[in-house]
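A single chain comes next, written as structure tokens; it is the form predicted alone.
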């Protein structure tokens, strides 16, 4: 699709690139170079991810790397490609999808590096292959924020901006975000080959993923039905853990299509996401989701539904439906156990009763209490007789008092009481609220990237106090309620 680049336009990063996904064969992708981006500039860079890849500070600031990650120069050792997959979108079979605006460059130190927003591919459908500045900043910041929270996620190396424009609801400037993960393989990759009855390709993909990422599923060197059932079981486990983390921290993904589900149980494809402000179990963060399929409280059930879709795709390899069902049936108890553990830790307890957790969540919802601030204030109240800052969050003071009494009595009956350190490290002070992202995006449109840099620091260590940054941990302004996030990016 693009002419070969000359040797003078090749960037030598000094990194040892590998291309194992490329070795799967042409059925899995289209070889494709990213499209150039006009007059690129740095918007945000993660030193932590650069360190993971072995990119030094000086190189991370270089024009050579800037041009390469904008798609303007090729990188020596890479074999760029766009992969094909299919999937269910909003519960309906969507058929063939694929990397419609992403190019996989290759792998460094066991991590795949992908450019998102890098132009048209054969899988772009009606899209233009580009990503806009606002969505790229949101993905960059949230990827690193989730990592800071200890939640399984893809990572982001940087955002490169440009004054090139594309049309969404209005004209917007473009950007490319460089994403990093052990693998970007999705449930939809398996659905693609199963739907086409391409059993050999399905087996090739499964064997590749198992051999590289789930070797404990193997029985010696033999691939058989039990190995593939074991593989499904591991994906169920990782997905349950991931979603339990989402629910415990108040994270709404917004578009849990099967093509947005990582085979490694990583949070990926940050689009219309949101961290809850007021606790509202039925909150719908995606303005496009008019039926509420991906509402906050539906996320565990949707993850389970998506796993059924994956299991259906793997049936040709598993063989016996009963083996697949055994794996799927473990999702709910696994999710519940992990969620209750995480919520217990937020309370500073090793094992809080489910009723205490459930009643608290009901109380938070009834009073529309700010979720992040409640937990941080409850943490601060430990060791103090003054619970008024927490109590003030509730209109139903009697209800809070009754719950707090139960919590306090339980803590006194536990030999070690409330573990303040456990509680502190389970309740972040800073999360990427929509309005914080919006303020950073507004400034970035005027070439002021200080807000992006500031949030990257706070969200990278969200449990720390960060003196002088209290405004980033306060209540959202009234105008935050008017922010609408959709799938358009």
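Positions refer to the first chain, counted from 1. These numbers were taken from a predicted model, which means no experiment stands behind them.
Omitted from view is the form predicted in complex with a small molecule, to which the following refers.
- Only one of 222 to 230, 85 to 93, 315 to 323, 339 to 347 places residue heavy atoms within 4.5 angstroms of the small molecule in the model of the complex, namely 85 to 93.
- Using a 4.5 Å cutoff between non-hydrogen atoms, residue 100 counts as a contact of the small molecule in the model of the complex.
- Not displayed here, the small molecule is kept clear of residue 292 by more than 4.5 Å at the level of heavy atoms in the model of the complex.
- The small molecule is not drawn, but in the model of the complex it has no heavy atom within 4.5 Å of residue 281.
- Of the heavy atoms in residue 359, none are within 4.5 Å of the small molecule in the model of the complex.
- A heavy atom within 4.5 Å of the small molecule in the model of the complex is found for one listed residue only; from 387, 124, 79, 288, this is 124.
- For the options 254, 250, 71, 129, the residue carrying a heavy atom within 4.5 angstroms of the small molecule in the model of the complex is 129.
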